[in-house]
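Here we start with a single chain on its own, the form predicted alone, put down as structure tokens.
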């Protein structure tokens, strides 16, 4: 269901409640009661179904500049979070960003990412150079 909605790329007023009108106009076209993501933006996005803790689900994706995993890890055990986050780390390009939900924190899980405060949110960045 969520992937189908994302593939349609059609969003309504509530999705834009804190987005500047200029950004909506730049990246979306009005359609009916909503706005559809412009094709030039849609071509930049890959959507696929997978298992967050199964490396096979990520084949052919790396390296990516950003991963969004919002409000999912809160349902995982610490061990499953560690596995998923390690895979995220491996998939991200150096300097890439991991976006989690506001209630999700990696502070007790791992220190492989650099936490960055940004406009009231916490974003995790993969270091530009990884030391092993």
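Bear in mind that the values here come from a model prediction, so they are computed numbers and not experimental data. Residue numbers count along the first chain shown, from 1.
Separately, the form predicted in complex with a small molecule exists; it is not shown, and the next lines address it.
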Exercise for the section: Answer yes if any heavy atom of residue 72 is within 4.5 Å of a heavy atom of the small molecule in the model of the complex; otherwise answer no. Expected result: yes
Problem - residue 50, heavy atom within 4.5 angstroms of the small molecule in the model of the complex - result: yes
Problem - residue 76, heavy atom within 4.5 angstroms of the small molecule in the model of the complex - result: yes
Exercise for the section: Could you tell me which of 36-44, 63-71, 23-31, 91-99 sits within 4.5 Å of the small molecule in the model of the complex, going by non-hydrogen atoms? Expected result: 63-71
